[in-house]
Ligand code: SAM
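Listed next as structure tokens is one chain, alone, in the form predicted alone.
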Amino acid sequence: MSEEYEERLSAFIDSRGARQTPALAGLERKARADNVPVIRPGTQRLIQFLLGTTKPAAILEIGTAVGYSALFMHEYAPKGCKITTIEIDAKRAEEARRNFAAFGLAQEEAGDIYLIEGDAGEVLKAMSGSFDFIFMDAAKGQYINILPEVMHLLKKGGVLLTDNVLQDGEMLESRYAVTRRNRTIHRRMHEYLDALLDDDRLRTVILGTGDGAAMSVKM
């Protein structure tokens, strides 16, 4: 396929992203204007589809940012679904809390969205319970390190969706074609994808949606 075709295909798919409420669309625009990474239109549609078909009762998100994706999942998850989300950056966690409050969502542990501020590697080790749907969208170089804890928390039959696995196309390149500062992430993402594909407990497919997504089901 030509580069022009791929650009037109991407624009076509993006133009058919998930419909959103005006408030949610406004939050997305603000986040993009502030250069906060948020889920891309193709990934939005994938999440909407998965939440509609799997109907999770409990969602875990790793990487809250300013809360847009948690609010997006809340919009499309079944009524009563509980979302737990983890964010390491204090400023973004505080902005996420303000956004949750603006949408009228409680921050108590029994509320619809519960934010935990801290390093996911440490937070996950202390967590109990299980989740039907886990969305990985944090520091990409840490995916491989926290995978054991994620697997422990994922229910049998649950879905693990990992975002940005193509790293803006860098994963298609040789390690030596990647800038030196990105080589560790490049190597660790390859290790992570291999771990997903080689784990007998999972069935995994890698999709070109958005910036690439790995969808895994725990058997």
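None of the values given here were measured: they were computed from a predicted structure. Just count from 1 along the sequence shown to find any residue number.
Only in words, not in the display: the form predicted together with S-adenosylmethionine, which the text now covers.
Within 4.5 Å of S-adenosylmethionine in the predicted complex, a heavy atom is found for all three of Ser69, Gly118 and Ala138. Heavy atoms within 4.5 Å of S-adenosylmethionine in the predicted complex belong, among the stretches 49-57, 188-196, 149-157, 33-41, to residues of 33-41.
Proximity of Leu166 to S-adenosylmethionine in the predicted complex: non-hydrogen atoms within 4.5 Å are absent; the residue sits far from the partner.
In the predicted complex, no heavy atom of Glu94 sits within 4.5 Å of S-adenosylmethionine. Proximity of Gln142 to S-adenosylmethionine in the predicted complex: non-hydrogen atoms within 4.5 Å are present. Heavy atoms of Ile86 reach within 4.5 Å of S-adenosylmethionine in the predicted complex, making it an interface residue. In the predicted complex, S-adenosylmethionine lies within 4.5 angstroms of at least one heavy atom of each of the following residues of 58-73: Glu61, Gly63, Thr64, Ala65, Tyr68, Ser69, in sequence order.
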